[in-house]
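The chain below stands alone and is given as structure tokens, in the form predicted alone.
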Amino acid sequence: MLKRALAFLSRAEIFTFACAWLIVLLIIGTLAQRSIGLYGAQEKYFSSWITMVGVLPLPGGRLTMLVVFVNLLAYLAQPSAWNLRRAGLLVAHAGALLLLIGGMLTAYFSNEGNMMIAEGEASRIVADDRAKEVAFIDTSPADHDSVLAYSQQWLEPGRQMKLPIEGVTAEVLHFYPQAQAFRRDNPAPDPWRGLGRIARAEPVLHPGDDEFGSAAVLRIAGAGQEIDGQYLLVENARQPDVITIGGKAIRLELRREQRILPFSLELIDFEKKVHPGTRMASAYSSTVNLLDSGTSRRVVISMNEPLRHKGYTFYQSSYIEGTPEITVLAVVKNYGRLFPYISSLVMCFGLLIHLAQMLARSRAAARKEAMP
């Protein structure tokens, strides 16, 4: 039974049809980018297990890649495949499996974000590219802000969140991953408070990449009649709502999820070069101090020279002009970063072995035919 199962799962037809379907997904996903954006197409066609084409459920990119992985693994698991005549093919198949494993690690465990640092300042905070969070920020202390944040997994209707004040809670009424805000014609009546009295938010049905921010509606209870009610939180609002309870000023923010690095970067100088006769940047770089465990190391991060430290990679992404200038660094932590290089070398080595074996067999056959 096991041999028959392995023989079926390792059939070359399965690999051929899976690769053909991946090409179809690539074409459909590329065309769909015009309407739903790069990230939307990636999530719908390439990062999904099942993708809906109209009312028809079809295999998504991840399910198709799983089929390819099982097919290659079944081939290597067959005892009949393990002989010296197939050594090159075995090594090439192992390299392909490594590539798929690296892709899985990247898909499930890696993260990307941005770090903004003004000249003369240091930061260790990375804002995620996609995930959002609700933050309750106590701005009362003179020397610091006390932050209580809830990740996007909490932003489901009906979920309860505690504020940094005993007995005060916030219930999630709505969360829109991408929404558009509008000014109300007339102030909204109770139970609306703050920004929600003058603005409203509507979900975007067919959003593009980063074209719209997120929005959420919370119901705060337990703070008293003057404060209890519904609050509208809009991502990157210029003046987020602040509620005062028992002498504490709590700012309500909806923002990109923030992660704290185990080290920090201090921006010493930002340099920009422009094309002659224009204001268009041709190159820009950041000179930073890498501060880690009481030590400091000066590093230059440019467009073609990223900084790698403790599994994180910092790329020079953009900048914000002003006084002071602000650098924008793309921060990536990719657990599968080395797998494409390793797997490519393994597959090339396997193909070289296979070609060498075929050449040796061809020459042996030719000598045999030439013998009288």
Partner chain sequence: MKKTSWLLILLALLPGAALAQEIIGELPVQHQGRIKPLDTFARVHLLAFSGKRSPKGATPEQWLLDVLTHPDGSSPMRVFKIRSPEVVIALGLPEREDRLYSYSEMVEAIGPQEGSLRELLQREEEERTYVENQLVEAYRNVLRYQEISRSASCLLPLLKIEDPELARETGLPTDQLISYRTLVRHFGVIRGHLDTLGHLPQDQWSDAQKALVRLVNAVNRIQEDRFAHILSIIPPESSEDIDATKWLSPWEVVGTAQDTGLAAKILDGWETLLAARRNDDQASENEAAIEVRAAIRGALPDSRLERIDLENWYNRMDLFYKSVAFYILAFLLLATSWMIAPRLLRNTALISLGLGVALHIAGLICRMIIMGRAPVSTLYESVVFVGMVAALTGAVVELMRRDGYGILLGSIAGAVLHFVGFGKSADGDTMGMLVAVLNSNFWLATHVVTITIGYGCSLVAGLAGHLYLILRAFRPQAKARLDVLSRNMGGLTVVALFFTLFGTILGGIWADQSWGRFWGWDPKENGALLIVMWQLMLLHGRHTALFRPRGFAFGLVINNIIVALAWFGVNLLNIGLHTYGFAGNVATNLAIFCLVELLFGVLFYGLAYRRGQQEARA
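Numbering follows the first chain given and starts at 1. Take the two forms, find the largest set of C-alpha atoms that superpose within 1.5 Å, and that set is the rigid core. Just so it is clear, the structure is predicted and the values come from calculations on it, not from any experiment.
There is another form of this protein, the form predicted in complex with its partner chain, and it is not shown here; the text below is about that form.
Partner contacts here mean any heavy atom within 4.5 Å of its partner chain in the predicted complex, and among 242-250, 135-143, 268-276, 116-124 they occur only in 268-276. Mapping the unseen interface onto this chain, residue 306 counts among the residues with a heavy atom inside 4.5 Å of its partner chain in the predicted complex. Using a 4.5 angstroms threshold between heavy atoms, residue 27 counts as touching its partner chain in the predicted complex. Put simply, residue 38 is close to its partner chain in the predicted complex: some heavy atom of it is within 4.5 Å. Not displayed here, its partner chain is kept clear of residue 295 by more than 4.5 Å at the level of heavy atoms in the predicted complex. Across the proposed site, 160, 181 and 261 without exception lack any heavy atom within 4.5 Å of its partner chain in the predicted complex. Checked against its partner chain in the predicted complex, the residues 282, 236, 80, 151 give one hit for a heavy atom within 4.5 Å, which is 282. Listed residues 319, 69, 312, 315 were compared with its partner chain in the predicted complex; 315 is the one with a heavy atom within 4.5 Å. In the predicted complex, the residues of 4-42 lying within 4.5 Å of its partner chain by at least one heavy atom are, in order, 12, 13, 15, 16, 17, 19, 20, 22, 23, 26, 27, 30, 31, 33, 34, 38, 42. When two forms of a protein are overlaid on their rigid core, residues whose CA moves 2 Å or more are considered shifted, and residue 102 is not one of them between this form and the one not shown. After superposition on the rigid core, the Cα of residue 255 moves by less than 2 Å between this form and the one not shown. With the core held fixed, the Cα of residue 363 is displaced between this form and the one not shown by 2 Å or more.
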